[in-house]
Ligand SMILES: Cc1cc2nc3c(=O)[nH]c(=O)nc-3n(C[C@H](O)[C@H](O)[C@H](O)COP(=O)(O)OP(=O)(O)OC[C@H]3O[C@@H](n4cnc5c(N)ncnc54)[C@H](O)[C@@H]3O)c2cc1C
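Presented below, as structure tokens, is a lone chain in the form predicted alone.
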Amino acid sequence: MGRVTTSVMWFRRDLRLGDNPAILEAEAAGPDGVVPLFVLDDRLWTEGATTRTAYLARLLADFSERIGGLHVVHGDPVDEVVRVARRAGASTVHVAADFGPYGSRRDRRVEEALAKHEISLVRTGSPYAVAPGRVTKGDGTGYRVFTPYFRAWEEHGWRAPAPEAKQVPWIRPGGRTRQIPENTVPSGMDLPPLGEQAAAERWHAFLDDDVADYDTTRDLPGDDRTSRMSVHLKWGTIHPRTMLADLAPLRSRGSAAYARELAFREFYADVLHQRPDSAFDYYNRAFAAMEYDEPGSALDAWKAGRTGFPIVDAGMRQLLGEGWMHNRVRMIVASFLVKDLHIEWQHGARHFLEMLVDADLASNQHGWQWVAGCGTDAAPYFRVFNPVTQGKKFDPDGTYIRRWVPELADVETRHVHEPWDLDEPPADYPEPIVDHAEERREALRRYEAIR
């Protein structure tokens, strides 16, 4: 009788069976059984009513049911991955490579701990079509500007999608395990559909109905024809390589614009890989010297969608209601916090990380830094979004505002962006907390002081 050969598949942001080459490697290395492991890591997992963990808990339950049961443990991955691998008699642990600041450090520590027991950590693939660090300039350094990165990214190309893993011999090694927690959804929030099947259905609906016009509709929050795929990319219920393969034959302006957005996600991951400090610190450190206001009641009003600026409030209330916000509106509310309220970008970025169901560290932090003028490819600091003109341009009939700010539901279109001009403004809607023109001048004064 031959030796039993097993492996461990350690899932993180890759909860799918399709186009997941790490599973195929785990299956090849463990023909007698593969342990489907998930570690509840206290650095990333919190109990209670948070958007991210509430969604993840449900996603884990969905994936566990699909494969006949995840092996869930709770603790430090350095200890838990080693314990599970040894108990299963595995010689390899398989993962998709993590390029984030914490994830890459964690994986090195786990790799070192496994090696002491002659167990290998095998990295196969990543959450990206082109892994961070693969696309570099001629001198070997990474790109700081998106457009040349995008050209190099396209030229580099990517592999075809991997076959679906259909008959993996999943096993459970026994021993100490943990039930998947049932974390509470934040009050008043409806989470989006989850899981690999939901991702595929949403993606194909977008391809059929909306991608052709994506280049012209993506900035219109009232039309709401964006793909809503960011949450599925965040949690790996679909791989961008699959999406790029589906986009390739379409040859439309909309499909090209969408592929460019996928590249932006990979650009920000690459930038964070180059500069891990930029996750929470300034990419352009000169902006750390700018004068900022202490967060207080103004930050609270912004979080609650009670600033008195309709497009800002609509966005912040959408965040509270769906754990998601239209991308154009994300830029508007970010500009308002940093340049109208003069609050450092980290406060807004932290709130988004807590509330967004699709909160991706690289995209979130560097998107905020773009708006704040301190990131890569940053918008010039003197580009201060006017919330009224932005609302009129991108939500001209006020559909988005009325959807999320019911106090303004009956206000006629010519006043919905400036309800303060009404003879009798709605009594239950706040007056503007700042004068935009004055705060724009103040923002530029503070910028000039650090130039």
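Quick caveat: nothing in here was measured; it's all calculated off a predicted structure. Position 1 is the first residue in the sequence shown; the rest follow in order.
If you look for the form predicted in complex with this ligand, you will not find it shown, but the lines that follow are about it.
The shortest heavy atom separation between residue 264 and this ligand in the model of the complex is within 4.5 Å. Heavy atoms of residue 268 reach within 4.5 Å of this ligand in the model of the complex, making it an interface residue. Of the heavy atoms in residue 228, some are within 4.5 Å of this ligand in the model of the complex. Within 4.5 Å of any heavy atom of this ligand in the model of the complex lies no heavy atom of residue 196.
Though this ligand is absent from this view, in the model of the complex it lies within 4.5 Å of a heavy atom of just one residue from 128, 149, 287, 258, which is 258. This chain is drawn without this ligand; in the model of the complex, the residue among 359, 211, 135, 171 with a heavy atom within 4.5 Å of it is 359. Across the options 293-301, 160-168, 317-325, 278-286, residues that bring heavy atoms within 4.5 Å of this ligand in the model of the complex belong to 317-325. Heavy atoms closer than or equal to 4.5 Å to this ligand in the model of the complex belong, across 352-376, to the residues 352, 356, 358, 359, 360, 363, 364, 367, 368, 371, ordered by sequence position.
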